[in-house]
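First, one chain by itself: the form predicted alone, in structure tokens.
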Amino acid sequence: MPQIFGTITTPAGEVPRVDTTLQTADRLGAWMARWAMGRMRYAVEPGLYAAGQPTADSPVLVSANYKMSFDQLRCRLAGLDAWILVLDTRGINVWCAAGKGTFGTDEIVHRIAATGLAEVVSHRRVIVPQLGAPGIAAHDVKHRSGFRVIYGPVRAEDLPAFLAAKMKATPEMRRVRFPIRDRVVLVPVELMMTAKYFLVLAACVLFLAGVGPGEYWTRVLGIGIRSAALVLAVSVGTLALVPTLLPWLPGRAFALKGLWIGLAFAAAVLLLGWSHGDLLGNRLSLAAWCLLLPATASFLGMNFTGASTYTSLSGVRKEMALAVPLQALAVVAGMTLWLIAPFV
């Protein structure tokens, strides 16, 4: 929870007043959430909060109860007086929760009523982040609660200017940006959330590599270790390079963007295989890796479809319906070749 500085007395009861300065604990919590440590529990209590010394005329800003979203909002309100209406989004950020429906019409109507907001403010306006718009039916909110929805800027950093301009957004405030900094911060959580899968896969490859002519452990310590390292390299490399190079990787589909990374790894394996003999096995083994690496990278590339504003739900479904069967086919074919290669 953010640090509370007393309360504000309102006709609807006492409203906690939050600090608008992020403390060391807030920054540490955000860092841990980025690394998937306690991420699904990183939330604040839904309800009404005060920043500064708001009055009945002060604006009402709507946020998700994911603490990182809440912190990004409150730290931009330094020197301002405002109410913060926090919705119960199950600890999910605004944009993702809007897509899932938890940052939605029903929840905002419920929260307006539950907090007695109509008794707290004299106006009937709530400012919703633009990225929350997919989940909010403004006309329905107006009909059911009496409050008009005003869509604020994309980024919380533009809120002071937006409020100073009497809640009028410039075209730049409406522009959705996804710069490299925003993309790179996605890497740690994706690494942590998928680590157990590619570690298990690497372990399977390590021990399966021992099956074949010759001494089992000699093959494990040779081809097995190099093959497991290759699995880890393509997994970590894809999860790091796809978001970093996103605008420059050809194609719109994330499966295709990941595929390019996999093809680069496959090309490197071919070069190493031809120049270092049986580094990863015979030529049939190399052919197997040329199927496995692009398929793996293509699949991992799709992890970022839910973290990018480039995509839509219908587009993601179409992409997966086309890409996943092809990826599965390539993996099955590649594993079959790899398992029989030692005996050829």
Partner chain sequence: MTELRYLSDVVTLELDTEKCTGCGTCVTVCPHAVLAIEQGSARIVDRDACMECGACAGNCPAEALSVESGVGCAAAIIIGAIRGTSPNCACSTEGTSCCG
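Residue numbers count along the first chain shown, from 1. Under this definition, the rigid core comprises the largest set of C-alpha atoms superposing within 1.5 Å between the forms. Since the model is a prediction, treat every value here as computed from it, not as a measurement.
The same protein also exists as the form predicted in complex with the partner chain; that form is not shown, yet it is the one meant from here on.
Novice: Can you say which of 115-123, 74-82, 216-224, 133-141 gets within 4.5 Å of the partner chain in the model of the complex, counting heavy atoms only?
Specialist: Single hit among the candidates: 133-141.
Novice: So in the model of the complex, is the partner chain close enough to residue 193 to count as touching (4.5 Å, heavy atoms)?
Specialist: Although the partner chain is absent here, residue 193 would touch it in the model of the complex, with heavy atoms inside 4.5 Å.
Novice: Taking the partner chain as it sits in the model of the complex, is residue 289 near enough to touch it, meaning that at least one heavy atom pair lies within 4.5 angstroms?
Specialist: Contact check for residue 289: no, nothing within 4.5 Å of the partner chain in the model of the complex.
Novice: Looking in the model of the complex, any heavy atom of residue 93 within 4.5 Å of the partner chain?
Specialist: Output for residue 93 is yes: heavy atoms within 4.5 Å of the partner chain.
Novice: Using a 4.5 Å heavy atom cut-off, state whether residue 299 contacts the partner chain in the model of the complex.
Specialist: Yes, contact at 4.5 Å.
Novice: Find the only residue in 233, 240, 246, 163 having a heavy atom within 4.5 Å of the partner chain in the model of the complex.
Specialist: It is 246 that has a heavy atom within 4.5 Å of the partner.
Novice: Counting any non-hydrogen atom inside 4.5 Å, which residue from 267, 203, 176, 184 sits next to the partner chain in the model of the complex?
Specialist: Selected option: 176.
Novice: Does every residue of 10, 13 and 16 put a non-hydrogen atom within 4.5 angstroms of the partner chain in the model of the complex?
Specialist: The answer is no: none of the three residues contacts the partner (heavy atom, 4.5 Å cut-off).
Novice: So which residues in 315-344, when you check the partner chain in the model of the complex, have a heavy atom no farther than 4.5 Å from it?
Specialist: Sequence-ordered list: 315, 316, 317, 318, 319, 320.
Novice: Has the Cα of residue 319 moved 2 Å or more between this form and the one not shown, judged after a core fit?
Specialist: Comparing forms between this form and the one not shown, the residue 319 CA shifts at least 2 Å.
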